[in-house]
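The data below hold one chain only, encoded as structure tokens and taken in the form predicted alone.
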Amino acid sequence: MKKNKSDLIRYLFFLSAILSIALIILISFFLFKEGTVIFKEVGFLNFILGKDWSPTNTPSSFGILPMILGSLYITLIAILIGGPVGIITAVFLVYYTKDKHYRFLKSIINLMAGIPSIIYGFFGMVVLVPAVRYLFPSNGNSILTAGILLSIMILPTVINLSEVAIRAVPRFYYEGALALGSSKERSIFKVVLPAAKSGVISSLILGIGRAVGETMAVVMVAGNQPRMPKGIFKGARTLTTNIVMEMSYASGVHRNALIGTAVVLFMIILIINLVFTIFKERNVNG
């Protein structure tokens, strides 16, 4: 009976793994089958380097460079703000927080992870947009506003994974540094964090993935202007918002162009993950 039960569980795990792989293959097949049509129509380089997106004009124009740059700029701002804040918060939770305070702070962070993106979008509209409008010469709906909002949204991911990585470092690293005369802060930032570098970078990569793929919150604060970004105080449109805003009425080549946009987004995520994997392996081996 025990052997049969063990075999059954092993087969269930195997089927789950096969199902996951099959779903990824199906998604990739659909995307590339439908999305590469636009590459044949206008050319791959013309599609990703084109500066004009006018699918309803005659003649139509399908250039997604403004959306690519909009996604990259917003994501860069988000990770530059949210990354350091998340890592420092994780350090605070591990080394500076008392147990009773830790449980409260941890529950707040977990609650942040469960808040729907539309709620973050409303927060951005009501609080961040007026604040940016007041502080800077802009109408508030801008790349900067979207970046700040996404930096808040990626905090739970960066904090939780960085905390796990820091706690995984053997305690004697920290205590040994203290015993050698290092200050608490120097022990943390010169010994513990470098030892946890792989996990911390993983948290940043997942934060980037969350930021690049976010849609609804960005729709509500970024301005949604399909043109070349002209500064962080101007509006922009991302790859995800471009798909969401136009897919409901798109047809024919226009629809293929939107699916092609999803293919480009998919490729960007793959490239990010590949670069991270190479970096991680070099870090482990070297």
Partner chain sequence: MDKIMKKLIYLVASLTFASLLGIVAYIVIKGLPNLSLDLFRFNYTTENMSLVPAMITTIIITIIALIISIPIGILTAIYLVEYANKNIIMKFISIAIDTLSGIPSIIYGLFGMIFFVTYLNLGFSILAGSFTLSIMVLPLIITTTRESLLTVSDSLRQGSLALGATKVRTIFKVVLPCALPGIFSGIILSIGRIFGESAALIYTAGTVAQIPENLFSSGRTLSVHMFALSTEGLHTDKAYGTAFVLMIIILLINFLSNQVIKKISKEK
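Positions refer to the first chain, counted from 1. These numbers come from a predicted model, not from an experiment.
One more form of this protein exists, namely the form predicted in complex with the partner chain; it is left out here, but the text below deals with it.
- At a distance threshold of 4.5 angstroms between non-hydrogen atoms, E34 is in contact with the partner chain in the predicted bound form.
- Of the heavy atoms in Y120, some are within 4.5 Å of the partner chain in the predicted bound form.
- Not displayed here, the partner chain is approached by S248 to within 4.5 Å at the level of heavy atoms in the predicted bound form.
- For the chain shown alone, T89 is a contact residue for the partner chain in the predicted bound form, at least one non-hydrogen atom being within 4.5 angstroms.
- Proximity to the partner chain in the predicted bound form, defined as a heavy atom within 4.5 Å, singles out one entry of A131, L178, V164, M216, which is M216.
- Residues with any non-hydrogen atom within 4.5 angstroms of the partner chain in the predicted bound form fall in just one of 67 to 75, 170 to 178, 121 to 129, 196 to 204: 121 to 129.
- By the 4.5 Å heavy atom rule, the three marked residues R10, I108 and I243 all count as contacting the partner chain in the predicted bound form.
- Looking at 7 to 29, the residues that come within 4.5 Å of the partner chain in the predicted bound form, counting any heavy atom, are I9, R10, L12, F13, F14, S16, A17, I18, L19, S20, I21, L23, I24, L26, I27.
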